[in-house]
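The chain below stands alone, shown as structure tokens; this is the form predicted alone.
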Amino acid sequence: MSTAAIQKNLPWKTVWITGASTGIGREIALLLARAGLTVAASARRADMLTGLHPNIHAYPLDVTDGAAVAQTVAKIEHELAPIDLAIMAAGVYQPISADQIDPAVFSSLMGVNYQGVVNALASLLPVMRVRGRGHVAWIASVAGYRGLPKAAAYGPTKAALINLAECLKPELQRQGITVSVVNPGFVATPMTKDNDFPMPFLMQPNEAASRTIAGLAKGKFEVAFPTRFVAILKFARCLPYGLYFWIISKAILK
């Protein structure tokens, strides 16, 4: 989708994006900034946020720090404008085998991937509720659909994010707040570059960002891509455990 096409279909003016220094978050920030939106970009590394685009304003942040998240939201709303759309894209990934269970890794991934979103919602929802409008979205993953080998630390965080969106949508919709969950497949980002297994339907970050923006602009609850990979994994959710584990053993654990 071109910048011109994106610009014609956007219902927001001010967007806050976490995890904006790399990957999908960075590409979303750039596409929205080029379309003329005011973008507040957050990530832990401040040096990765500077000089991206004149419409991108850097707000360095560790999303696991709840107090800092609250301060950042207040600062953005004071210095820029009310946040129309928040996209929580901060995330970390580490493959884990069954013989490498390290509680510190599990805690770290849950802290960033899941609790980071909760921290943002705790500060965003009260102000959006007062205004009677707003849009909150977060990046989960198709890895949250069903358990996959080597994703024991990562997959549960994404499953939790999908469930969180399902829990909040009905109530927040009544309050004028739109909820969306984004479930990408494999995307060529720093998170996936060290994977030692085939990544089917691998997408580039700019394509993933474009599809994300298009889906959010339509107000979709779930934005999932690529289509064929999503269809395969959603079908896998319907399979009985015996058949599912047999397929996984044959296809992945060769």
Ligand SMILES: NC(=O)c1ccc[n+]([C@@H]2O[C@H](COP(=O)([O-])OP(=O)(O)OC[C@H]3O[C@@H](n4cnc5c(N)ncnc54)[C@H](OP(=O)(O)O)[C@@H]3O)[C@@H](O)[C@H]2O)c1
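All of these numbers come straight from a predicted model, not from anything done at the bench. Counting begins at 1, following the sequence as shown.
Form predicted in complex with this ligand: not shown, discussed below.
S.K.: I need to confirm a contact call. Of Ala33, Leu216, Ala43, Ala224, which residue comes within 4.5 Å of this ligand in the model of the complex, counting heavy atoms only?
M.R.: Answer to the contact question: Ala43.
S.K.: Just checking whether His135 would be counted as a contact of this ligand in the model of the complex - the rule being heavy atoms within 4.5 angstroms.
M.R.: No.
S.K.: Since only the chain is shown here, I'm wondering whether Thr64 would be in contact with this ligand in the model of the complex (any heavy atom pair within 4.5 Å).
M.R.: Answer yes; at least one heavy atom of Thr64 falls within 4.5 Å of this ligand in the model of the complex.
S.K.: Answer with yes or no whether Ile24 is in contact with this ligand in the model of the complex, where contact means some heavy atom within 4.5 Å.
M.R.: Judged by the heavy-atom cut-off of 4.5 Å, Ile24 is in contact with this ligand in the model of the complex.
S.K.: Taking heavy atoms only, is Ala90 within 4.5 angstroms of this ligand in the model of the complex?
M.R.: Yes, Ala90 sits close enough to this ligand in the model of the complex that at least one of its heavy atoms falls within 4.5 Å.
S.K.: For the interface check, one of 99-107, 139-147, 118-126, 163-171 should have non-hydrogen atoms within 4.5 Å of this ligand in the model of the complex; which one?
M.R.: In short, 139-147.
S.K.: Looking at this ligand in the model of the complex, which residues in 174-188 have at least one heavy atom within 4.5 Å of it?
M.R.: Heavy-atom contacts within 4.5 Å come from Pro184, Gly185, Phe186, Val187.
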